[in-house]
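The chain that follows stands alone, in the form predicted on its own, written as structure tokens.
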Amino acid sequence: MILGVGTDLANIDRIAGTLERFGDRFRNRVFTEIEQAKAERRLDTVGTYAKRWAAKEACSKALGTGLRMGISWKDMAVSNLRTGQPIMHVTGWAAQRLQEMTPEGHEAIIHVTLTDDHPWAQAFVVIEARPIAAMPG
């Protein structure tokens, strides 16, 4: 069953301006070390940051809170599988909120997809609750 859906559209040029203006203060407030390392390795550094910004916004919307109620930017983090597929990790208050949303006997799966076409970066997040399979016995 679907527990939440969120989307966000970020302007890459706006993120570039914010990075220019605030630099590490912005990076360290919003992005985890893993997210920063990924972005700094990429040819399109700013686009990578913009997609992750959009993913955090989309995740907060899918959690039904937006960026309020105690969710920190770093409570939501994007990394990638070896295949390149992005995955969302939640910690802190975001993880607590996800647990509260998830019905008993289910596990929450967060699906995330990212795309960009300059000057736009976009993310969609869908939170799914899957029944936990009973152990044969």
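Model, not experiment: these values are computed from the prediction. The numbering used is simple: start at 1 and walk along the sequence shown.
A second form of this protein, the form predicted together with a small molecule, is not displayed here; the remarks below concern that form.
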Hey, in the predicted complex, is P86 touching the small molecule, heavy atoms inside 4.5 Å? yes
Please check if R41 has a heavy atom lying within 4.5 Å of any heavy atom of the small molecule in the predicted complex. no
Indicate whether the small molecule has at least one heavy atom within 4.5 Å of a heavy atom of D116 in the predicted complex. yes
Is it the case that N80, even though its partner is missing from this view, gets within 4.5 Å of the small molecule in the predicted complex, heavy atoms only? yes
For the chain shown here without its partner, which stretch in 88-96, 26-34, 101-109, 45-53 has non-hydrogen atoms within 4.5 angstroms of the small molecule in the predicted complex? 45-53
